[in-house]
Ligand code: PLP
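Next up: a single chain in structure tokens, the form predicted on its own.
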Amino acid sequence: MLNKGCTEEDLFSFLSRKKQEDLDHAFILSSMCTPPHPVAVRAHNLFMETNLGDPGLFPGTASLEKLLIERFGTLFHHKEAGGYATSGGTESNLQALRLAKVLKHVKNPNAVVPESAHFSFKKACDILCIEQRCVPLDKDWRMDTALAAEQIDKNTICLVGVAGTTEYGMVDPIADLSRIALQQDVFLHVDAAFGGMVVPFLPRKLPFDFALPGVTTIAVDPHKMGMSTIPAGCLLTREPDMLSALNIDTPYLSVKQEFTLAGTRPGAPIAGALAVLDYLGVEGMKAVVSGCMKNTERLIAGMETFGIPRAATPDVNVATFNCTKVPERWKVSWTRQCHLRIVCMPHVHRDQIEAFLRDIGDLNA
């Protein structure tokens, strides 16, 4: 810390230089986040100082959180769903497992998850002292549900399926998992952090939400395809009051109990998330998702023209390829199976896809 403060001009000159060191989104093809929508930024700025860790002080902001959960509940075919706004998928997944553990008291709890599960489940299982049982994927990079059923035993507190896997963009057979969960009386959590704001807007119906009777909880991240400001996630529960099982006493706050993980919780990203949903509506989100899917299809077709085959045919806007190198200016990522991975987010426009393909063509000429 400086002994004497600096001038505002010097301070923001320094901050501007640091901001310029960040990568340009025009060349970022690996991220599941995207620059926020302008209405999200405007709403965020309006609620900058709000703290939902003490919601009685900010009743208007708290009402926005309830509206956000209601919006997602309706989108996921259960308007009466419970839940709250989290910092993102990691917190949502941790809280889902925490809830499952509290609801089923066993000495040696385990959770059955697909090999494609986000690494947040490893963190959550470590924190909560839960054995993580990983289920192999089938040839299409989806969870093998027959093998999942075999992994479940009397100590299984949670079965997990993914709607929009991080690496390959696949939706697990959630309908099959729902049947298994009902048959074996197991808590079913769906990690739809990415796909939750893609799948409902696709022409092809892929069941993953509360329309399936076995689904207990769903994670979704508005700060991904919802184009909200960061951080903005949500955890939804089938039963409205289910999260009360996690309540702890908070005697010196405006509420006397809370079930959230974080104490201080910013209201600004919640306002941003709700703003985008209400501004775009279902038709607007369909248009956004349609554009991202068309760009994904164009990217796959263009790569295969150069003899670079897809690794999978994705359900959502994630494309993977059997490719070993790309031009340096493009920021891509690689799966654990060493496949090139590109996410066609809203900021990845058609011109960028064409520019990338031209560079790939030059590289492979």
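If you're wondering where the values come from, they're calculated on a predicted model, not measured in any experiment. Residues carry their position along the shown sequence, with the first being 1.
Another form exists, predicted in complex with pyridoxal-5'-phosphate (PLP); not displayed. Remarks below refer to it.
A heavy atom within 4.5 Å of pyridoxal-5'-phosphate (PLP) in the predicted bound form is found for one listed residue only; from Thr260, Ser120, Asn110, Ser178, this is Ser120.
Site annotation in the predicted bound form: the residue of Ile270, Ala100, Val162, Met225 reaching within 4.5 Å of pyridoxal-5'-phosphate (PLP) with a heavy atom is Val162. Although the partner is absent from this view, Gly82 stays clear of pyridoxal-5'-phosphate (PLP) in the predicted bound form, with no non-hydrogen atom inside 4.5 angstroms.
Put simply, Asn93 is close to pyridoxal-5'-phosphate (PLP) in the predicted bound form: some heavy atom of it is within 4.5 Å. For Thr166, a non-hydrogen atom is located within 4.5 Å of pyridoxal-5'-phosphate (PLP) in the predicted bound form, even though that partner is not displayed.
Contact between Pro200 and pyridoxal-5'-phosphate (PLP) in the predicted bound form is not found at the 4.5 Å heavy atom cutoff.
The candidate stretches are 275-283, 207-215, 185-193, 150-158, and the one lying within 4.5 Å of pyridoxal-5'-phosphate (PLP) in the predicted bound form by heavy atoms is 185-193. Contacts of stretch 14-46 with pyridoxal-5'-phosphate (PLP) in the predicted bound form, defined by any heavy atom lying within 4.5 Å, are made by Met32 alone.
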